[in-house]
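Taking the form predicted alone, here's one chain by itself in C-alpha cells.
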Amino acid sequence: MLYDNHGREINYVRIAVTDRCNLRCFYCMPEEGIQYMPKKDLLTFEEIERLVTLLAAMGISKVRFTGGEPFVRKDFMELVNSISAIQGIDSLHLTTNGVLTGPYVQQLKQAGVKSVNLSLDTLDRERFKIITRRDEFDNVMDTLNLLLKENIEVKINAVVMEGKNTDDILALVDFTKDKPVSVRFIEEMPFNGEGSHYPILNWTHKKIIDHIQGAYPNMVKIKDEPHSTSYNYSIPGHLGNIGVIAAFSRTFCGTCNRIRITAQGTLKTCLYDDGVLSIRDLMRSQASDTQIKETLSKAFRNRAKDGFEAERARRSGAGVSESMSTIGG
C-alpha cells in the first residue's frame, strides 16, 4: 500500500489522455477555447501504459480516464483495453461529456469499465447550448440511456453556476426518481482559463444542500464511501441518489487518495497545485523503472496537506486560472 507524508493512502490515479474537447463549457474554458498542446507533447499510449504498470506495482489499483474529452483522442479504446489488462488495476472508470461516447458503450462494458461520470449541467436543451456553447444535448442523453441499458454505473456531474443553471438543481434531483443514477452537484472552481467568475462563491456546498432540503425535507444523509469527495443523500422513493462536492471549499482533503496525471505527463498530487513533476520528461530521458518509481515516491512524500496549502505553494505566485481541460479534472 502507498501512503503520503500525511498518512493518507494513495490508490487512485486520474489520467487525462488529451487536453482537447468538443464542448466549450462556461466553467471549463473561454468561448474561444484554449491553446492546445502539440501531439508530440502528450504522453503516448505506450508511455501511459508503462506509467500505470509502475503505479500498479506501487499500490495504485483504481484508474480514471479524463480529458479534455477522452474520445476526442484517436483510438482511445485501445488504451482502455490495454490498461484493463494490467495486473493490479481492478477498478477502471471514465469521465466523459457523452457527445462521442455512445458508439463505444458496449466496448466500455466489455473492457470492464465499472462506472462513468457524465458531465451534464442541465436537463434543458436550450440551457445546455448556452452552458456548453454547442448543440449536443440529444447525443449526451442518448449516451446516458445506453450506459443505463448496459447496467454501467452512472454518476452525473453537474457544476452549479450562479446565473446559469441554479434553476436546474431541483430538476436534476427529480431526475433520480426514476433513473438509477447518482447526481453530484459540484461547487464551481476557477479552473476555466479565466479565473473566478464571481467576487465570492455564493452557491457553496452548504447552500446547495439547504436548497435541495427545502424542496425535499425527507432527504436522508447516507454513509459516504471511504475517500468520498461528496456528501451523499437519498430521497425515499427515488431509484437514484444525490451528492454534493465541496470542490472549491475543499473540505475532503483529509481523506484524499488520488493523484492526477495531465495530458502532457505532469504529476499533480493535488488539484490545486501547478504540477510537481514531469513524468514525460523523466521517461524520455531514458530513466529506468526503478528511477521513475523512486522519483514518484519522493513526490508522494512531499504532498500538500490540503488544497489551500497546494495553492499557496504554486510557483507562479498567482491563484489558479488554467482550464480544467488542461489539468484533467
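For every residue, the number given is its place in the sequence shown, counted from 1. Bear in mind the structure is a predicted one, so any value in this text is a computation, not a measurement.
Omitted here: the form predicted together with a small molecule. The next part is about that form.
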{"query": "In the model of the complex, the one of 256, 159, 244, 212 near the small molecule [non-hydrogen atom within 4.5 angstroms]", "finding": "159"}
{"query": "Sole residue of 92, 86, 146, 189 within 4.5 Å of the small molecule in the model of the complex, by heavy atom", "finding": "189"}
{"query": "Region of this chain that lies against the small molecule in the model of the complex, out of 45-53, 290-298, 274-282, 22-30 [heavy atom, 4.5 Å]", "finding": "22-30"}
{"query": "is_contact(residue 230, the small molecule) in the model of the complex, heavy atom dist at most 4.5 Å", "finding": "no"}
{"query": "is_contact(residue 165, the small molecule) in the model of the complex, heavy atom dist at most 4.5 Å", "finding": "no"}
{"query": "4.5 Å heavy atom contact, residue 66 and the small molecule in the model of the complex", "finding": "yes"}
{"query": "Residue contact check: residue 96 to the small molecule in the model of the complex, 4.5 Å heavy atom", "finding": "yes"}
